[in-house]
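The chain below stands alone and is given in structure tokens; this is the form predicted on its own.
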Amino acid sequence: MKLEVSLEKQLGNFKFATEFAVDCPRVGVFGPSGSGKSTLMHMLAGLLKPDRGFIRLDDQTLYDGASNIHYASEKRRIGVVFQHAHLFPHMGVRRNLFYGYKRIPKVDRKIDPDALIEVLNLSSLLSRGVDSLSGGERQRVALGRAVLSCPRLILMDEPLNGLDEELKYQIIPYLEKVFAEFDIPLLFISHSLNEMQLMTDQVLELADGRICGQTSATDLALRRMGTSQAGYVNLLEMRDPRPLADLFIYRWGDQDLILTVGGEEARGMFELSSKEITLFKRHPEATSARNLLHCRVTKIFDAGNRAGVELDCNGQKLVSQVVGEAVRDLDLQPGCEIIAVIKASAFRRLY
């Protein structure tokens, strides 16, 4: 996806004025409430007309104030998934799902509905009314409806906000499957660093109606590590679980990790706070922690009143957070060998 934007819009006392260019299939828009994220989405979708500027998607101009070009929303082929599903209450699930699909020319119908229904696990919902759906089910139907309109781009405006943690992490695997399998570019709007790391590659930072940064999701999370209550959240995809008494052993790259949480699924995504990784210069003689990893320090950086330590653990990356005194006491510097100690209870399964 190649998206070029330069837009201005005055809304009362709030002025939106920004420009950017991205060439990436999974782009995030990150910022606090009131920063202009939804304003940007509405202008991209054609739901709000800018005062001036332009929008170009894959070299097609969708809006240009100077040339009086303004494609209506239904002509842009941009799918939208809002924070609230906005399903049509007078239609059942099936009619909601196929609403956009039936309104596009057959030549543009490039997505197999049966394949999408399988990926989103919607078969059992097709005959139901929308009022009987849970929050997570409503969002899956809303996503399916947007994808079946065969868009050139999907905008997701805080789609997980308002869902509880369990529902949120039930939805994310479906999102990942859809965008991987059907190869649809995504612009994902959120104020959650975790969601940015899981759902996007490149991130536009928005504040007070202006783009103030453009970076990777990982670098954004690292930069905000010192101000985040959880520190930096390491995301670990692990596989091949097997029981060990009342614990679980998972493969992480070419090494084993011992966890208190697990399941029967072949793979799982887990989070681990940088604050939960303790560093030792030498192998500790005794510890209750179950995971002792031989690592090499690759980078040390400031994280507020703490220090971030990037580690290479047999080819896998971890980030630990320590006080400045620990850096001096352990003589931490790039290239030195270190032991990372992690409790089995420190991991949290996301999905």
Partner chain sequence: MELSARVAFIATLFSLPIGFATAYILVFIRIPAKPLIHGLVNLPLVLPPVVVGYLLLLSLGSRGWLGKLLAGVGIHIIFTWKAAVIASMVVGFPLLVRSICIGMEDIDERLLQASRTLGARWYDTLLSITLPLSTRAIVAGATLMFARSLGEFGATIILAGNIPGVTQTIPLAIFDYTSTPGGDRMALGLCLVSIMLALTVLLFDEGLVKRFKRRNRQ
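Being a predicted model, the structure only gives us computed values, none of them experimental. Residue numbers count along the first chain shown, from 1.
There is another form of this protein, the form predicted in complex with the partner chain, and it is not shown here; the text below is about that form.
Exercise. Does any heavy atom of S149 come within 4.5 Å of a heavy atom of the partner chain in the predicted bound form?
Worked result: Heavy-atom contact with the partner chain at 4.5 Å: present for S149.
Exercise. With the cut-off set at 4.5 Å between non-hydrogen atoms, does L47 touch the partner chain in the predicted bound form?
Worked result: It does: once the partner chain is placed as it appears in the predicted bound form, L47 has a heavy atom within 4.5 Å of it.
Exercise. So in the predicted bound form, does any heavy atom of V107 sit within 4.5 Å of the partner chain?
Worked result: V107 lies outside the contact set for the partner chain.
For this session: Indicate whether the partner chain has at least one heavy atom within 4.5 Å of a heavy atom of K75 in the predicted bound form.
Result: K75: contacts the partner chain in the predicted bound form.
Problem set entry | Stretch from 128-136, 169-177, 269-277, 113-121 whose residues place a heavy atom within 4.5 Å of the partner chain in the predicted bound form | Answer to the contact question: 128-136.
For this session: Go through A217, L259, L87, L160 and name the one with a heavy atom inside 4.5 Å of the partner chain in the predicted bound form.
Result: That would be L87.
For this session: Identify, from the list G100, P241, G226, P185, the residue with a heavy atom within 4.5 Å of the partner chain in the predicted bound form.
Result: For this set of options, the contacting one is G100.
Problem set entry | All of I300, L311 and R348 with a heavy atom within 4.5 Å of the partner chain in the predicted bound form | Answer is no for this spot.
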